[in-house]
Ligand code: AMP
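There is one chain below, alone, in structure tokens, taken in the form predicted alone.
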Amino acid sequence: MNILFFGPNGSGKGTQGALLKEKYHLAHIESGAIFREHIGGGTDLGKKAKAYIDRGDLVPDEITIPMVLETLQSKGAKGWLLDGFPRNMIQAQKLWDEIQKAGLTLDYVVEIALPRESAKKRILGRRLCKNDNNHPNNVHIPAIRPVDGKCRVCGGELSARSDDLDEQAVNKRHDIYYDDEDGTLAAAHFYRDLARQGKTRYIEIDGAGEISAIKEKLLAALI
């Protein structure tokens, strides 16, 4: 099973992705990890990407997409869940073209939908467990509020990412995601249009509510 995963920062996408990875034994492939592995491994694509990064430039799609595709084919031979890419309409179109050329299937596209203000509030209240970042803790959500300042799941120490506490940084990330003309949401809707043509299947899940309820809806849709 191959899944492309969309959702704004703060939607619980990482938590749900981890649950799917465990249930279906998928390779959970994140865009940031792809860059780190290629650059750290000194691959030809990694060297090219590093040259752009060292200059402070964005890595062009002509390098990024082959890196993504290579990782899907190598690490995701038994199924993959791609998270964090594509981030705009152009990347969505190019990735689809390359997936087709490579003979890969895209079984599902999942969008975790959440209003922007709700996602923002979740980010500002999010706390990370030192033992497992996927343990849900949020000071603004009663159902997953930390217990006595500790992780509600395992009692581990909690911390907050500095950019999670920076409202301007959160707004900047969401400006990119919620742009439904050229941004990440436009990329998601590109695949939604493909699903309407019968070329893949598109699942939209309401990200509001408890993690277990969202999980049940998501698993029920993956048939």
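Here, rigid core means the biggest group of C-alpha atoms that superpose within 1.5 Å across both forms. None of the values given here were measured: they were computed from a predicted structure. For every residue, the number given is its place in the sequence shown, counted from 1.
Just so it is clear, the following notes concern the form predicted together with this ligand, a form of the same protein that is not shown.
Annotated contact segment (heavy atom within 4.5 Å of this ligand in the predicted bound form): 57 to 65, selected among 186 to 194, 40 to 48, 150 to 158, 57 to 65. With the partner omitted here, the residue from G76, P146, G125, G84 that has a non-hydrogen atom within 4.5 angstroms of this ligand in the predicted bound form is G84. Not displayed here, this ligand is kept clear of D180 by more than 4.5 Å at the level of heavy atoms in the predicted bound form. Among heavy atoms of E167, none comes within 4.5 Å of this ligand in the predicted bound form. This ligand in the predicted bound form comes within 4.5 Å of a heavy atom belonging to N9. At least one heavy atom of Q91 is located within 4.5 Å of this ligand in the predicted bound form. The candidate spot formed by G14, R116 and K120 is out of contact with this ligand in the predicted bound form: none of the three has a heavy atom within 4.5 Å. Contacts to this ligand in the predicted bound form (heavy atom within 4.5 Å) from stretch 154 to 185: R161, D163, R173. Core-superposed comparison between this form and the one not shown: the Cα of L165 travels less than 2 Å.
Here's the thing about A49 and K172: their CA atoms end up at least 3 Å closer in the predicted bound form than they are in this form. Compared with the form shown here, the C-alpha atoms of V109 and L58 sit at least 3 Å closer together in the predicted bound form.
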